[in-house]
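Take a look at this single chain, the form predicted on its own, given in structure tokens.
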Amino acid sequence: MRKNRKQKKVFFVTGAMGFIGTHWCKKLLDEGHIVYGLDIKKNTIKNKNFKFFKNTVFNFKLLESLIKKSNIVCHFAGIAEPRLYLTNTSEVINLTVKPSFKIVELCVKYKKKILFTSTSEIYGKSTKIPFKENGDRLLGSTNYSRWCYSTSKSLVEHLIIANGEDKKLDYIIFRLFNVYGPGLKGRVVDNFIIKALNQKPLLINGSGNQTRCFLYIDDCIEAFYKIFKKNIKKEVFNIGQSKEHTIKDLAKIIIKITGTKSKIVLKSNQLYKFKGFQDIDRRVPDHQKIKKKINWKPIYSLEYGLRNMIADLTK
């Protein structure tokens, strides 16, 4: 018990009721830490060490108060639903950039470490597979709103890294690769599961041969915590699974597990009807850096994770 008291930290988590944020807050609380959570959504966590603030990340006065009180700032708030990149581009940019700039400024001012969730979208359409953390980025034209999220996150990364160099900001940047699990909303995995459970067609953009590397949420959170525990400083990490699955295979696995009568519809192109959409053929992370630093690798299979998601949605 004495050891746990010594290790107890105060974390401030933005986007605390989001998919990643909720799982991260629960992990921190399970480990005995104190957590201040901020979100515009309703609080779903009941724990004596969790203090929730139902508010926006644009409340800079509140941000300053909570950052000042915390040991570590976890900036997880954002919009990560691809459809919204196309339909609400300006909001995606504003929410990603403006509060992040203020949070970085305050972390510098109060000398707080920041953990920032970035994205595999950073790499864009690069064909240099697997993606290395120091690899080149290749994006489409600014005429394609598809790239607004990637560009916004990269700008925040630039600011964090620059402040790490010239103002001694301590940071960790996590680039997440298709994380899924209970609580996920607005992505291909939950979309397919919900449609399968309701006996509706599973609509796929293009041929369905485009691949993704799906990472179960428990593996993701374990990587976060191992990096925190080792007190690694000023690094960028890919957090993802190396095994590729085509979107068509994902649909087939979900159909098998659910026992649905849903059909797969290829080339439905439901996202192409929105101006500014472009797809990515492959998105695969390089694991060498994180393996070297913390000896981490994912342990959960796609089928295991999907079964857990389905059980959560049908309970």
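Residues carry their position along the shown sequence, with the first being 1. As the structure is a prediction and not an experimental result, all values here were calculated from the model.
What follows is about the form predicted in complex with ligand UDP, which we do not show.
Annotation: in the predicted complex, residues Asn191, Ile204 and Arg283 each come within 4.5 Å of ligand UDP through at least one heavy atom. Note that among 209-217, 223-231, 167-175, 127-135, the stretch whose heavy atoms approach ligand UDP to within 4.5 Å in the predicted complex is 209-217. Interface membership of Asp279, defined by any non-hydrogen atom within 4.5 Å of ligand UDP in the predicted complex, is confirmed.
Lys153 falls outside the set of residues with a heavy atom inside 4.5 Å of ligand UDP in the predicted complex. Ligand UDP in the predicted complex comes within 4.5 Å of a heavy atom belonging to Arg146. In the predicted complex, ligand UDP lies within 4.5 Å of some heavy atom of Pro82. This chain is drawn without ligand UDP; in the predicted complex, the residue among Ile290, Ile247, Val57, Ile67 with a heavy atom within 4.5 Å of it is Ile247. Of all the residues from 85-123, the single one having a non-hydrogen atom no more than 4.5 Å from ligand UDP in the predicted complex is Glu121.
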